[in-house]
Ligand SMILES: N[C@@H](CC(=O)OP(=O)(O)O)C(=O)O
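The chain below stands alone, shown as structure tokens; this is the form predicted alone.
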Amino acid sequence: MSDTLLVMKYGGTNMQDARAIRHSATLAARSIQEGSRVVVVVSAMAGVTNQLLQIADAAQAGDIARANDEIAAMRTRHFTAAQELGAAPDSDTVRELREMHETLRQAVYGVYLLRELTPRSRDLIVAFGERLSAPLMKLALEQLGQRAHHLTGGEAGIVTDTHFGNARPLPGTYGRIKDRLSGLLGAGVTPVVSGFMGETEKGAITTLGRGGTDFSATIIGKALSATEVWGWKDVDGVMSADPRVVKDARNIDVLSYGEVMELAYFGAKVLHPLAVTPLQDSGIPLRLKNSSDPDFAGTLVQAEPRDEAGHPVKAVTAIRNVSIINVSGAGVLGIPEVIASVFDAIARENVTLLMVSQSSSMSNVSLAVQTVDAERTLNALRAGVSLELQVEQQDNVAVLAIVGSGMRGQKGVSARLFTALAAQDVNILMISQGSSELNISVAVEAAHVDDATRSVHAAFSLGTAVSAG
């Protein structure tokens, strides 16, 4: 038996119905048959997480009939998948699915009675998506002749803080996962872990934020000193731009942890932004692979960037639905406390700032935030900043970012970016470059973002081989 240990994460489209689950199971089984030990980490079926959030909101609004209809539809979908995967009506899998749907129904009814949806009860409800898909993956693996055992994130050892909705693992997590999963692996049993979720030290269910199944997989990868963590997706890996916007977008062979974190932060739907953090200390590589072309190498994410001559930029990405908040007035002029109070007010609201820029006269500060956070940000600033300041909001903005470690110390990158934007008559509202020199980001009017993306992609020749094999 080889020493190879792979943690394989399957996203929602790879779990969306019996056919997809069976195919995902064959990918894991293939590696097991080749002698690797495998831990499988599963997402909810495609669309189920959003459906659960709608169910929770309907219950809070008092529409229990709609919530129950949605639960019934979801139950039918999971039962159908179980049946198509070969589960008998009286099987353990069907019984577990029935019991879980009943528990979900009770949790939702509790929200309806109280007309209150706390972050804690929302986490309990939304984590059912992953809890329901794990027994289906276990069943699919067993049908292929593999021994498997499914566990919730908490049962697998993921212990988190109490930041419901966006929990972080506690230091003791890694030892617990190793204790709980090593025995199964040693006995030739494949663990199937519900992603996206953990639990507090008191056993309350928490979630790790949207896209948190990636994070679960890398936490487990670090705990078990995995050979590699594989993220199975429905695309080839990380692309040089959104292929729906840029027709000649290409797969990127190799990215560093830093580059992939920048891409995730700036809206590329590749990974949970924190997913690579557990791997950074241990240097475990992450591979993003396409489930419909399993022999294609995909994108390898590793510690060291691989810079190619002539390609200082690896990718261009965009965040849509952004608003700019401008804080201005003589009161800002040269007073550090004012700037401190601005950031303090925003930090208390837990708003993520996408970009910050300050005029050299220090008489104005511009902040880019997601539009959904704009009103909260405005209110926080008006309440928290005492001096006579003007606070204005500008909507219909997008942030476009270029990412690549090759930009460091490379002259002329900004010039190429701005020339490409000028060629499309794109007005730049804000500019920001981090000291890491891994990205340059600009805020532009939302209406221009697709043209801007295509122009910048072409200016850096990203459609021609980004990879030097």
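No experiment lies behind these values; they were computed from the predicted model shown. One-based numbering along the sequence shown.
If you look for the form predicted together with the named molecule, you will not find it shown, but the lines that follow are about it.
Only one of 426-434, 396-404, 37-45, 61-69 places residue heavy atoms within 4.5 angstroms of the named molecule in the predicted bound form, namely 37-45. At the 4.5 Å threshold, heavy atoms of residue 196 reach the named molecule in the predicted bound form. In the predicted bound form, the named molecule stays beyond 4.5 Å of every heavy atom belonging to residue 382. The named molecule is not shown here, and in the predicted bound form it never comes within 4.5 Å of any heavy atom of residue 154.
Shown alone here, residue 9 lies within 4.5 Å of the named molecule in the predicted bound form, counting heavy atoms only. Between the options 135, 221, 212, 169, the residue in contact with the named molecule in the predicted bound form by a heavy atom within 4.5 angstroms is 212. Interface residues of 102-135, taken as those with a heavy atom within 4.5 Å of the named molecule in the predicted bound form (partner not displayed), are limited to 130.
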